[in-house]
Structure formats: structure tokens, C-alpha cells
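Okay, so here's just one chain, in C-alpha cells, the form predicted alone.
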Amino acid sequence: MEALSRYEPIVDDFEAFLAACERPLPSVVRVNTIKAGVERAKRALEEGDVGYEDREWNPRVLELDTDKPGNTWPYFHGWIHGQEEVSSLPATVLDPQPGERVLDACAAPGGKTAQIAALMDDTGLVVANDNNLGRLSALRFNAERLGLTNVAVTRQDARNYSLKPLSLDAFDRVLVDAPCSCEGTIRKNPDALDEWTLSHVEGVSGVQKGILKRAIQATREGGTVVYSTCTFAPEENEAVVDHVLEAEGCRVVEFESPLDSRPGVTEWDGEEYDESVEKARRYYPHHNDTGGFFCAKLEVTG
């Protein structure tokens, strides 16, 4: 927890924040509407004596009273998929439409890819990319289990993503759920901070900047790019967005946040960021009983 002390100046009710970080996460799943409707999934859970609670902001998100959703029949059939509640936000903010061309730049193990495909009614094209071969195996397994037919899997370094193999000029929308220091996953992975170092945060920030920059280049004018991480570090969040605002033709746009959130910070550790990064949103564990998260929505201006 010592690594989190650096965020006391930007987190309200810091003691409640630390206390929340020490509690286990609720067991949350997303209904995979490609295979089953919400009511059908609920009936199957009831038949298996698995209790659930609705999430008002998203009817497809359910909290279960079991900590092993993977042992349920609806999960086995691909009707539900384990996905932390706040992790359902980026695809919702991306708002992909049926028939569009969408890139999930850092897709493995595939939860957000599946959510994007479902929001598109399994039409159009979702390109699920990752450069980690081991994680790609999990991505392909999940795509098959969940019945996704509009997904193409690629293995490329997202910092230099090539559209040539796909014969595309540009994507309509891109999700960059970037690799990060994972500070916000501490409720799920208590050892997430064991190897934490500032040099790692700064190093991964450079990778994130490269990925987001290429995502903007690969998106058509007027298209949407969503950038998200599961970490608290401004070096990996606002600093990355600030970098691409200066380097590429894009702007940060506001979005409706269904969960309690705080605005992006414009100043950190002696650095100042573009004022528009305030339109990004920060999600803290003690506000929604979730993991920690950051999400920014950008419009490509050309």
C-alpha cells in the first residue's frame, strides 16, 4: 500500500480509499447478448441457485453471490463472462455501432472485445490485436466460447500497427485499454504492488504514448478513440493523453459517466497538462465498490 501514498493529494477521503483497496472485489459478470438475452441468463442463474443483483447503469452487468462464476452453467455456455464492473466502461464509452470497423488495440484476454462485438450485434468488423502470443490463446478461446463471428485476431505491436494486411484505410473507432502498472487491480490481485517502482511506471508510460499515438493515426477523421487503464498514476493517464494532444490531431471530449467519478488532473509532480484532460474520468475503489480505473474519450480531428 505504500506505493499508493503518492496519490493522497489527488484522492478524496484517502483513508476510505485505502480501506476499499484492501477489500475483495464483488463477483461481477456481463451477459453476452450474442448468445443469450439478459432475462434468459437470469433464469439460468436462478435455476442454478445463483443469486444476482442488477446494476442500474447497465442491464447487462450483474453482481453474483458466488465467487466462482466460471463454475456456473450460463458461464459454460458462454451466456455470461466475468468482467469487473468498471472494466465494462471503456466499450460503453466507445459506443461502437453495427457495421463499423473497430480496433481493440490491446485486446487479450478478450472481455472488452466480446463486449464491443455484442454492442455491434456481431456485425461489421472487430479487429482484436495483441502482441503477446500466450494471451492471444486466451483471447481466441474466449472469442470461440462467446460465439463471436465478427472478430479477426491479429498479432502486432500496437505502436506500429499496420492496416495493410486488413486492406483498410482507417478504423471508425479504436479502443486502447493499455498495458499499465495495474495499481487499480489491487483488490483482485493483492500482490499487484509488490514489484511496483516509479521507473516501471515511467517506462510503461512511453509504451502507452506510442500505442495511443498510433491508434489516433489509424482512425478516420471524426472517429473515436477511447484510452483506458487500470491504474492511478497520472504519468500513465493524463500525461499520455496530454502527449497525443500535442503530437496528433485530436481533442478530448466529454462523456456521460454512469459511475461516480472524478475529473482528470491537470497538474502532477511539477508537470502541467492540457486543461482539456479534465474531461477524462478517474474511478476510485471507494466510490463505486470497484477497482481503480481511468478513461478518456478522444475525437480524431485529422
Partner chain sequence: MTESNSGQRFDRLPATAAERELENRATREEVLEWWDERFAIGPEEFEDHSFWEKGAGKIWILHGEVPSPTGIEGLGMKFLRTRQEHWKPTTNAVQRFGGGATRNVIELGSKEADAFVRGHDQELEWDGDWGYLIAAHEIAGGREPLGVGLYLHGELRSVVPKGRRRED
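Computed from a predicted model, the values in this text were never measured in an experiment. Positions refer to the first chain, counted from 1.
There is another form of this protein, the form predicted in complex with its partner chain, and it is not shown here; the text below is about that form.
Only one segment in the set 58 to 66, 264 to 272, 33 to 41, 230 to 238 has any non-hydrogen atom within 4.5 angstroms of its partner chain in the predicted complex, and it is 33 to 41. No member of the trio A247, V253 and T301 reaches its partner chain in the predicted complex with any non-hydrogen atom inside 4.5 Å.
Checking V226, A108, V151, A192 for any heavy atom within 4.5 Å of its partner chain in the predicted complex turns up a single hit: V151. Taking the partner from the other structure, its partner chain in the predicted complex has a heavy atom within 4.5 Å of a heavy atom of E47. H200 falls outside the set of residues with a heavy atom inside 4.5 Å of its partner chain in the predicted complex. Taking non-hydrogen atoms only, D157 never approaches its partner chain to within 4.5 angstroms in the predicted complex.
Proximity of R135 to its partner chain in the predicted complex: non-hydrogen atoms within 4.5 Å are absent; the residue sits far from the partner. Contacts to its partner chain in the predicted complex (heavy atom within 4.5 Å) from stretch 47 to 72: E47, N71, T72.
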